[in-house]
Every structure is written in C-alpha cells, then in structure tokens.
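Only one chain is shown below, in structure tokens, and it's the form predicted on its own.
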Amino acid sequence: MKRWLTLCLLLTLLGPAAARAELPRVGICAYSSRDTFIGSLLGQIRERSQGTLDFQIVYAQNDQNRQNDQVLQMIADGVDILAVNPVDRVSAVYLIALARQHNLPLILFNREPLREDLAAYDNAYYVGIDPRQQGELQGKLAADYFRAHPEQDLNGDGIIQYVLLRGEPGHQDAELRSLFSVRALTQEGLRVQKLAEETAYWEKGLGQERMAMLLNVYGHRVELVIANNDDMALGAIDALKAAGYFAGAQTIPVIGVDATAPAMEAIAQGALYGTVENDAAQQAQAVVELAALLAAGNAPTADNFPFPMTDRVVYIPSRPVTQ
C-alpha cells in the first residue's frame, strides 16, 4: 500500500499523461482457463476496468500448488491488489495468510473461502453468488416444468426420477446447489427419487461422458437432469441427443446454472429447459469497483460501494431463465 501512495504522489507531480500510463496493478489468478463462466467473468473484468486498472491474469489449471506459486510470483512482481479464484476453497487460508503477511488487499471470487478464514484478515473480501439461492431456483424451475407437463412422469408413478451432475467434490457451490435444488423440489410438493449422481468437474466433455454412462444404466427411467453448471448440462444434452432425445416428441428437461451464451442458445433452440443466471457482468463490476477502492487505500462503505456487503462478502443475486 505504501508503494501505491508513493505512486499517487508521483503521478500528481508528473501530470495526467503519466497517470494514464501507470495504473494500479491487479494480479488475477484463476483456477482454470477451460471454464466457460470464468472466461466470461474475466472478459467482463477486462472490459469494465479499461483505463482504470491494469490486470495481469494467470491460470492455475486446477493445480493449487501452481496457484500458490503464481500468487507468490505476483507478490514478488509488486502488484497492488491480489484477486484470486481459488482452486480449492479450503486452501484459500494460505492465500489469505500470504496477503496478510505482505499487507496486500485480497479479493477472492467465484469460490467462497471458509468464513473463519476470511475473517482472519480485515483486508480480504469475497465476491460471488449465493449457491443456496441458485439451487432453490433450479428446484423451482423443475417443479414448474413437471406441473406444466405431468406427462413427463414417464412411468406414471407420481415420482420424478432424476440424475444429478455435480461440479466437484467439496466445492461449496456444487454441494449447496445440489442440496437446495432437490430440497426446493420437495418443498414445492413433488416426490423425487435420485437414480444416481456423477461428478463431471464443471466440464462439458465430462458431462457428456457421465450422462452417456447413466443412460446406458438407467435408460428411459431418467425423467430429469439437474446439473451444477451449464457446461455439464450442455454435455448431458449432447449425450441425450446421441441417444435419440430431442429429435421428435421425446424430450427430457435439463436444468443448469450460469446462463452462459451457449446455454442461452440451447434454451432458444428448446434443448436446455432452463438455467439460473450467474451474473458475470455484476460480479465483474463488483470486483473492479472493489479493486479500485482498495488500490486507493479506501475501505468499501455503503456510500462509496454500490453492492450490498456483509462481513466483507458480496453476493450478487441470481434469477431463473427459460424461454
């Protein structure tokens, strides 16, 4: 932070031209370059930070040790702010300790750390969504579908047989989206039976592979597919199409999360029944505005930061999306 204050003084003396040339440096470490939503989020951050912040972005490719090394390198390079999308939310405690040791503001995003870890450093923040809300919205979408289409209870037993595609073990968003989607279905008065769940690590290819395997085992017993994100949902749709679904009257509701551009196209085509918006634009805006405040040495308040914050956690609201 001393470096930034010194920089401000120099820029004042050197004038507007120098100010444009030397912007606060933000080091971003993302968990993977293969995640469609993360790509969209980072694209929004770049777009919204033009002329105000200098972002350096690296990818850990699902390797927490690699990410730790990347953060250490960024600290050595003299960044003013750290913004990290952790590979492992439990390992965020190490990243928080590093930021605290070097007196650097830290913005964690997309993967929420444990609250007790975040509380250990008063200059650490989290920006993301509430996965409980997203799960509830998924469950309500499914309930709305089956109330409108009772014929989709294919075996007529009054019970919805479903399969679940989970993001990854231990990931908070995966755990809570899974739990609250099914809980919302039952709270809406529907009876459900889980045939199986498979982990597809947020990836479309793995979603297709896992769904094809489930179809081989359960066939036409599957009446609903719930996926923790759109990439896996779209992979499931590819497997369903290969099995003959969506070609005529035979269909099956698939519900995802994120509202990515490919998912919105699939909704328009009638292949994906619904998704839950994971508002990349607003999350990016929150990250950019928070980084700008912290780079200037200002703590976010209700007067200078337009997003609701509780205990240094910013949740962007979600909404359901269908045709």
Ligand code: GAL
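Sequential numbering from 1, following the sequence displayed. This structure is a prediction, so every number in the text was calculated from the model and none was measured.
The same protein also has a form predicted in complex with the named molecule, omitted here; what follows describes it.
With the cut-off set at 4.5 Å between non-hydrogen atoms, does Asp88 touch the named molecule in the predicted complex? Asp88 lies outside the contact set for the named molecule.
message: Is Tyr31 part of the interface with the named molecule in the predicted complex - any heavy atom within 4.5 Å?
response: Within the cut-off, so yes.
Tyr273 versus the named molecule, in the predicted complex: is there a non-hydrogen atom within 4.5 Å? Outside the cut-off, so no.
Within a 4.5 Å heavy atom cut-off, is Phe37 in contact with the named molecule in the predicted complex? Yes - in the predicted complex, heavy atoms of Phe37 and the named molecule come within 4.5 Å of each other.
Within 4.5 angstroms, counting heavy atoms, which one of the listed stretches 109-117, 71-79, 209-217, 144-152 is next to the named molecule in the predicted complex?
Residues of 109-117 come within 4.5 Å of the partner.
Trp202, Asn229 and Asn278 - do all three of these have some heavy atom no more than 4.5 Å from the named molecule in the predicted complex? Affirmative, all three are within 4.5 Å.
Within 4.5 Å of the named molecule in the predicted complex, which residues of 247-272 have a heavy atom? Give them in sequence order, or say none.
If the 4.5 Å heavy-atom criterion is applied to the named molecule in the predicted complex, 247-272 yields only Asp258.
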